[in-house]
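As structure tokens, one chain now follows by itself in the form predicted on its own.
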């Protein structure tokens, strides 16, 4: 069994000779991390559905605006989910400082670690069915680690910045949203460009979610270690001790 290159991830194997089978699970994800994961997942679903409808609005209907406020309601739900998403991200960043080693993994990449890069490409070969046996990790495997850093960490920052910059157009130039995020409008050629990039970011996250769910189910079955249940209980279960 191979574990992640960080020494903190070797605890699962630090058992005395003759007791290699004594420990079959490791507590990995603390309760705040697991709670954030599921709230964040729900927020992404709500943001994606409402964001798609905002970008491709429903047909207009006749009558008074007070009786046909569907798109206004969709935008309100989108903005509410955006606040949940942004506040949750800040809470998750805080927990990276006060939580355990695995809580910080989402925000750091060991670019300087040659073994990490070798294992990343090894994991890529495993996902492409070019490796016969999986390696086992206590935390994220290097490939998942890298993808989550770029898509979830950096992607979330991008979506928060662009989303609140668009939201600030409605709150006005005298609002705190404009003071904090209005500068984003100067980076793009026009507001429509900002809308387009924000919408594109939504599709990147949707594609990530699809791959993430597939990979989690696949690894649960093929790698003989728990993935889905770990984000519920916090325990990483190793189902066998094959080398």
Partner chain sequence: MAALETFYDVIRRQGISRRSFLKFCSLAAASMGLPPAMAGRIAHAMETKPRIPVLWVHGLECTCCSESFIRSAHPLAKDVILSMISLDYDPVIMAAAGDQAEAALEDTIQRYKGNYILAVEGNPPLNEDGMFCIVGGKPFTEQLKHAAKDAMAVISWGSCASWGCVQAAHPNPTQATPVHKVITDKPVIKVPGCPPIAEVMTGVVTYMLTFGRLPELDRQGRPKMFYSQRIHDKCYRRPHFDAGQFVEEWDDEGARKGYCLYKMGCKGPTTYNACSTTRWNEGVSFPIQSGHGCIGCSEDGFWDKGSFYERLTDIKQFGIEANADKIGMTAAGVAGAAIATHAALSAVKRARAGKGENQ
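Remember, it's a predicted structure, so these values are computed and weren't measured experimentally. Residue numbers count along the first chain shown, from 1.
Just so it is clear, the following notes concern the form predicted in complex with the partner chain, a form of the same protein that is not shown.
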- Query: Is every one of 24, 104 and 108 in contact with the partner chain in the predicted bound form, taking contact as a heavy atom within 4.5 Å?
  - Reply: no
- Message: Between 129, 121, 97, 76, only one gets a heavy atom within 4.5 angstroms of the partner chain in the predicted bound form; which residue is that?
- Response: 129
- For the partner chain in the predicted bound form, the stretch among 110 to 118, 130 to 138, 143 to 151, 89 to 97 with residues bearing a heavy atom within 4.5 Å is 130 to 138
- Indicate whether residue 185 is a 4.5 Å heavy atom neighbour of the partner chain in the predicted bound form. yes
- Closest heavy atom of residue 32 to the partner chain in the predicted bound form, within 4.5 Å or not? no
- Answer for residue 227 alone: is it within 4.5 Å of the partner chain in the predicted bound form, judged on heavy atom distances? no
- Item | Contact flag, residue 214 vs the partner chain in the predicted bound form, heavy atom cut 4.5 Å | yes
- Of the residues spanning 85 to 111, the ones with some heavy atom within 4.5 Å of the partner chain in the predicted bound form are none
